[in-house]
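Before any questions on how it binds or moves, here is one chain, the form predicted alone, in structure tokens.
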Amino acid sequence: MFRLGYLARKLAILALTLLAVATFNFILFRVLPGNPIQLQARAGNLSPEAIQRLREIYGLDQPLISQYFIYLRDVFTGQFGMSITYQRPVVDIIAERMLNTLILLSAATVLVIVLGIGLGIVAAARRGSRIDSSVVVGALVFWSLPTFWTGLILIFIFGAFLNVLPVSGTSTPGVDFTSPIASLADLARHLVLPTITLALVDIGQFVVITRSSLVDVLTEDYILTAKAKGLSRRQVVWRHGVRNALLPVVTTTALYVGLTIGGAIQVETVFSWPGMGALMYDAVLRRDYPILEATFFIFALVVIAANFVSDLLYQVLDPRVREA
């Protein structure tokens, strides 16, 4: 299905992009203002000898070019060094937080893609109707909402006013659950508001792009031919329209991965969700550069991988790409 030359070219571009991201990551955190070692010194009244020892531990006493190659070695072997704040390997800290972020982003992504594409198809199939207008207006309204503001409003309504859903953390503190099912149920309750916050803001773009793409496809000559053959509207839309309208949606999905990571940082901070976004926010406040370098690189890796997968899906969905 995939030509070897095309796949090799895409993999080479992927490798070069990762190298460029790692290089930019290295430079960025060495030109930013603020010195994490000096912050520790002021907080703990460290002696000059202790400060020098910390510089040696974190490799800050090495020439810049040596630091760069050490950094590349650590990144591409999955060893991101020691956290300045936690005094633990960064990879261990990230491993503890990554699962929570994956749970949140997976739930929000499934909800956004399913509802966004579904509502976009419904609106396009009923173009010009009240359903179409209502769906598009609602999508645009929710798309314009700031993520952190939406989260605060949901906390006020469902947490403070109605008091029906938890508003922080991943579990109820001080409760010992008797079974895994009870623990998962509690996690699901804590997951509701963060997931809805991410989904409400992001569904709109899928609705608008899916509708626009499908409306264009439904004006093509082969769609008129399908209608002339006596096929029902459902058959015309799903059998002949949806697949040909999916290319812009695939692109949107790849871009959405990057956007949802940015939204996750805000959501995890608002809801005190102990994931990668909250870890990054705390690392910014504490100038914990090893954690920041690691989280930035991982997020960039996810976005690059999503775009790589979208390129491969193009090959499946559009034969013209395979022939190019």
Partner chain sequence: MSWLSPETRAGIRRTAGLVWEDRLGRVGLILLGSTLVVAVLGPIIFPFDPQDFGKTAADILSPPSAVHWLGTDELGRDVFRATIAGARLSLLIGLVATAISIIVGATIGIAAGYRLGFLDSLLMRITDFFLVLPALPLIIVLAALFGQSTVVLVLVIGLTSWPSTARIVRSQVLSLRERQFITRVRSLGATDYRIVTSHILSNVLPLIFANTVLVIAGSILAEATLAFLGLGDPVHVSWGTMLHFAFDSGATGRGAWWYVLPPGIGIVVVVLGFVLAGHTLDRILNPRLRSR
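Numbering follows the first chain given and starts at 1. Treat the numbers as computed from the prediction; the structure is a model and nothing was measured.
What comes next is about the form predicted together with the partner chain, which is not displayed.
Novice: Looking at 132-140, 68-76, 185-193, 230-238, which one sits within 4.5 Å of the partner chain in the model of the complex if you count heavy atoms only?
Specialist: The contacting stretch is 132-140.
Novice: Please determine whether each residue of Y6, L11 and I94 possesses a non-hydrogen atom within 4.5 angstroms of the partner chain in the model of the complex.
Specialist: No, the candidate spot makes no contact with the partner chain.
Novice: Select from the listed residues V215, V122, I223, L165 the one whose heavy atoms reach within 4.5 Å of the partner chain in the model of the complex.
Specialist: That would be V215.
Novice: So, P63 and the partner chain: in the model of the complex, are they within 4.5 Å at any heavy atom pair?
Specialist: So P63 does not count as contacting the partner chain.
Novice: Heavy atoms within 4.5 Å of the partner chain in the model of the complex: does Q52 have any?
Specialist: Residue-level check for Q52: no, no contact with the partner chain.
Novice: Wondering, does A15 line up within 4.5 Å of the partner chain in the model of the complex on heavy atoms?
Specialist: Taking the distances in the model of the complex, the answer for A15 is no, it never comes within 4.5 Å of the partner chain.
Novice: Using heavy atoms and a 4.5 Å limit, would one call S179 a contact residue for the partner chain in the model of the complex?
Specialist: Heavy-atom contact with the partner chain at 4.5 Å: absent for S179.
Novice: Listed by sequence position, which residues of 268-300 have a non-hydrogen atom within 4.5 angstroms of the partner chain in the model of the complex?
Specialist: T269, V270, M280, Y281, V284, L285, R287, Y289, L292, F296, F299, A300 sit within 4.5 Å of the partner.
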